[in-house]
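As a starting point, one isolated chain is supplied in structure tokens, in the form predicted alone.
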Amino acid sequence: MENLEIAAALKEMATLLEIKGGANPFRIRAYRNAVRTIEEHPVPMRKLLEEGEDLTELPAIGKDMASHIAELVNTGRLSELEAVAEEVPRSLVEVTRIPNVGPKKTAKLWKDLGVETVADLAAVAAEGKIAGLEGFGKKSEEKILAAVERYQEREVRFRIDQADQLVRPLVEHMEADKRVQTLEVAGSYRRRKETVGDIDLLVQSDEPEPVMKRFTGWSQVAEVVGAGETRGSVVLKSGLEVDLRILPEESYGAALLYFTGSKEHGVALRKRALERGLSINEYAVSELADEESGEEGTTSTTGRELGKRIAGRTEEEMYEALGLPWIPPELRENRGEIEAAEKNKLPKLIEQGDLRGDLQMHSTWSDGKNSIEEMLEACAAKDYEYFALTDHSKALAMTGGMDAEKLARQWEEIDEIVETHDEIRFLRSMEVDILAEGDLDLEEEWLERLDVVVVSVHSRFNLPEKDQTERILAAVRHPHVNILAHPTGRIINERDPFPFDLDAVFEACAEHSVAVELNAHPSRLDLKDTHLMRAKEKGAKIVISTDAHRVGELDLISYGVEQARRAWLGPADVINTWPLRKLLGFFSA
């Protein structure tokens, strides 16, 4: 079991206990605290156990919790969870995922109306049965019904970081077999989309039968859907579907190109091939046979006879056969990449090594888990030239947000730290809330003293689009504001973006030298790729930040870089690739 799956089991345990009622609240909190530790730990729990590590040395992991983790790793099940599930339907956990319906409301809906599934919830809401329950009401019922409809329309997809956690052990398992000569994960995973629906695994091997057996026999396989000579399909215990294709060397590049996609990119390539008297499929690029010569060959997907095989071993030779250079997977969405490649005008995409700093993170002064000095040292270890510490302002009370008095005390600590650390430039900053009318949640004198002013929306997501737009525009136009953080407020698979006029905001950001953030945390990736492209079109600059709340989350910057690449961004488009002097010049413009 991977950390993601262990955390999910413990989270389910906490939720079911809360729905059941009567459990010690400290016990429920213990499960949720353990979940955070496991989700955020960089090393799989299974590896720690294999190495004989004492799990109780981890934060929030006591003796009982360590035994739960060991049971999950060793057996794939948790006996205490199964016991609770005999009293409380496990399907109620999904009900709690509906916005405006937490464990306490779910418990009332279950006990009073017999709701056990999301479908049950939709039915009682449609029948008007929720409005009469204590603690609900008509408006609450309407919100729940709308939330259920959105939830049911949402395709079940895994976040890219979750897919990483589930796929990498499978890749290690397969690559440990010497009969696997080459292995690639294709599909939307290789294009680094923010979510994936399933996984396409491509293997080059001359011995397909034992390779297929190794794939279907992996310990994390819950169901074998199919297992032919060269094609197999399984469902992992996590629910992730994985398809395997075993290929000979001469077709491996063709299959990698085909199964990487996107579908739209593939259609455009097939059209280009036909225009040149060629056919492209998952096996090769081939000439179309001369119909008048009567030559016989294989048949294309369009039913035409194929002639000489031209390419298939590598992606590079596949593209070359179509008169194109190799196109990075992140660009393969049919957004003009083929035309750009034809003119030799593909962009020089940003790389992680281009970044000189990280401009949003938090410490123990608000809701972070590491001290200021620990965050500084971690950034310096990445060879960053600068970084900005952006603890929350006072409006976000639940995060321990800072008022002017607390900020002054923080600066005293910063002064002491800076005196002993000259290896990196410390930029004094704050993540300042944009209040409902567009005012900023910090006094003017302090805004003026900050090196970097980061602003964001954390409340009143339901304002009308016009009001939300004016709220954000007022903040962007403030003379001391430098960065608009996680602009749309979305949480992937959990919270939809709030509506506002993106074009108007991007134009204002360009006019007032305010960078728009690409929040690299994989639960956000806000802005999304198409919005980033639009921001660039409007002249706005981008900053890639982690929004790290602990040292380990600084590594999440890679997800932001991948998202930026999908948006065709190069180093010049991203301000934290710039040297410090240029960066500060932009902020003071």
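Because the structure is predicted, anything quoted here is derived from the model rather than measured. Residue numbers here begin at 1 and follow the sequence given.
One more form of this protein should be noted, the form predicted in complex with 2'-deoxyguanosine-5'-triphosphate (DGT), which is absent from this view; the next part is about it.
- The closest non-hydrogen atom of residue 342 lies beyond 4.5 Å of 2'-deoxyguanosine-5'-triphosphate (DGT) in the predicted bound form.
- Taking the partner from elsewhere, residue 196 is found to have a heavy atom lying within 4.5 Å of 2'-deoxyguanosine-5'-triphosphate (DGT) in the predicted bound form.
- None of the heavy atoms of residue 426 is located within 4.5 Å of 2'-deoxyguanosine-5'-triphosphate (DGT) in the predicted bound form.
- Looking at residue 267, you'd find a heavy atom of it within 4.5 angstroms of 2'-deoxyguanosine-5'-triphosphate (DGT) in the predicted bound form.
- The stretch in contact with 2'-deoxyguanosine-5'-triphosphate (DGT) in the predicted bound form, judged by heavy atoms within 4.5 Å, is 187-195, chosen from 69-77, 169-177, 322-330, 187-195.
- This chain is displayed alone, yet in the predicted bound form one of 232, 261, 438, 208 has a heavy atom within 4.5 Å of 2'-deoxyguanosine-5'-triphosphate (DGT); that residue is 261.
- Among the residues 480, 129, 157, 394, the one placing a heavy atom within 4.5 Å of 2'-deoxyguanosine-5'-triphosphate (DGT) in the predicted bound form is 157.
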